[in-house]
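Only one chain comes next, encoded as structure tokens, the form predicted alone.
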């Protein structure tokens, strides 16, 4: 729990960026303008799958007002025979995703782009570009893509010695899974299907780019990492990183979907060709059609257990949709699905499947919810068959410290058990549930658990004391989930100054050291760690300066409540020196006060969550409504509790969308048929109840404040928890998501 003596850590301080965002003053990428700026628009493929024989841009280039046109020839091509990795992204696929090369691989794939004096002229010019397509058969669904006679997207891709749409595999294994099943008293094997879902961030992708006469490039854009923008743009344009300055705008949502780029390299080449700053903003339809959703999945999970509920074997086979190019997040289901359970025999296999959909991108705990949906539903079936309480069965099988995870490491302090017990003893779990509240309506309750790795990684921060004795912190991480407030709380606490005296800003690629992406539940962990280190260095400097003034040793000076004090009576009798007083003497005592710390942070222990949900099903209409939701999670230590609660609630809301309403709909020609928020049904306020987060503050011993990542784990259990609740209500189990009204009605009609 947060210590009562803390003044700022663990307190819900006013968020530094709140007022600007609610009043519209915050600067987003689409707000940026420059003198002489022109507009860029993208021509996108009308076909789901087509070979590009030729592109004729002459008519577009001749249109008055057009300043530049770019095609695949302007983007660096990476040969297919050698991977070029940037983080988890392979530039072979990135260059083909940003601009189609040999083929258009999905409806909406970028084929060319135009810069013109207005959006209207640019759009008209796009319509004048003549592309000679050879339309090819397309394939959308996993089960169709893996058939022997399926249309092949990439002739060069081989699997088991022949062309295939299976672009990669991942296998994790421990023990002897077949021997384990032979020991089991009960074995349940089921197959599950989920659909791709979009992150649904409100702000579309946007950027403004200026290519100067000296070859230096400035990019203003919305992303989850300005250093990622710089590096990818450099690779895709051939411009050295040192000549690119990426300035992060405020971000209107990302959830993993802004960890890659789409527009920036195109805008750079348009700006280079035109000699003008270029602004590009996607429409909502472009976002839905051409940017990365989470993958859909086809999963088969088999679990064997003893009569007392002890799990002795588990096998998972997970096919994930990568989209038109390889790269689905296999480590999500393959590594996470069984991670919270001590199972002696496991075989977990993943297949990366390409099909004519837009390339997937990260989305909160990438891939993990898909595996948890299958695993946690099978566990529910086994518990029911054995007559066990589903939480008791989970408690019987929890991993513990010293157990080796299937994905490699040996677990340290494990907190999964605490999340299960928290739900078990929560009033929600024991509250009476009227299962038939009125005619035509049934109610049920379900539980499920989830796991996410969490991560550390590269992080940089500067802490500078201003001449008037206040504090300026510069971080290299875009603020997606409240990192400004969390860092501010940490620095104010350590320095012993009022929170309002600490100002946190996001640096660009030329003002702060390298900082990796904001994603994977890593930034609060990493940034608090480097901020702590930097602040402690500054405090050490302040103590030395006070010691010089008093002519005593620095060890005889302590820092307390924002002031330097003699450490004890033996140090001497001196009046305290405040931060403001020391700052005023900075130039006399060695110059400016401040430091920068850059670390590759480690020690991010994994995150666990267990959820409980009540649902109500309208049997006549097929509508599933979530009535009550409680989400327990070990958050380590909550630097800013309101933000942590928001992360948990947000993850649950998105999980409700995955479970009940969200999916891409395609027409017969492979075109997305619901590329707008009116037709793509995300949850709104009326679809969700008040979600009660239960924050278990069990400090991470590897972090100075005990921080553990919190943003990913809450989206892992909801799919299975809701499916288990629906089964409890109806006695009918759904193996396919979303459980939307037409599908629920059809299933109930089929069940009689």
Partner chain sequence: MSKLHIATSINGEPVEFLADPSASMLDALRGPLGLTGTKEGCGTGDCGACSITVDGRLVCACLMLAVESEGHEIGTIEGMAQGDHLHPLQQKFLEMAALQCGICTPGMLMASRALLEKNPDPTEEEVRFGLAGNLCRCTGYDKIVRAVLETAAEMRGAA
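Only a predicted model underlies this, so the values are computations on that prediction, with no experimental measurement involved. Residue numbers count along the first chain shown, from 1.
Note that the form predicted together with its partner chain isn't included here; everything after this is about it.
message = Only one of 391 to 399, 538 to 546, 649 to 657, 265 to 273 has heavy atoms within 4.5 Å of its partner chain in the predicted complex; I'd like to know which.
response = Of the options, only 649 to 657 has residues within 4.5 Å of the partner.
Query raised in the report: Only one of 472, 212, 186, 676 has a non-hydrogen atom within 4.5 angstroms of its partner chain in the predicted complex; which is it?
Result: Checking each option against its partner chain in the predicted complex, the one that comes within 4.5 Å is 676.
Q: Find the only residue in 694, 60, 698, 30 having a heavy atom within 4.5 Å of its partner chain in the predicted complex.
A: Selected option: 30.
message = Is residue 284 part of the interface with its partner chain in the predicted complex - any heavy atom within 4.5 Å?
response = It does: once its partner chain is placed as it appears in the predicted complex, residue 284 has a heavy atom within 4.5 Å of it.
Under a 4.5 Å heavy atom criterion, is residue 344 part of the interface with its partner chain in the predicted complex? No, no contact at 4.5 Å.
Open item on the list: Please tell me whether any heavy atom belonging to residue 202 falls inside 4.5 Å of a heavy atom of its partner chain, as the geometry stands in the predicted complex.
Closed with: Taking the distances in the predicted complex, the answer for residue 202 is yes, it comes within 4.5 Å of its partner chain.
Practice task
Evaluate residue 480 for contact with its partner chain in the predicted complex, applying a 4.5 angstroms cut-off between non-hydrogen atoms, and reply yes or no.
Solution key: Judged by the heavy-atom cut-off of 4.5 Å, residue 480 is in contact with its partner chain in the predicted complex.
- in the predicted complex: members of 393 to 419 within 4.5 Å of its partner chain, any heavy atom: Heavy-atom contacts within 4.5 Å come from no residue here.
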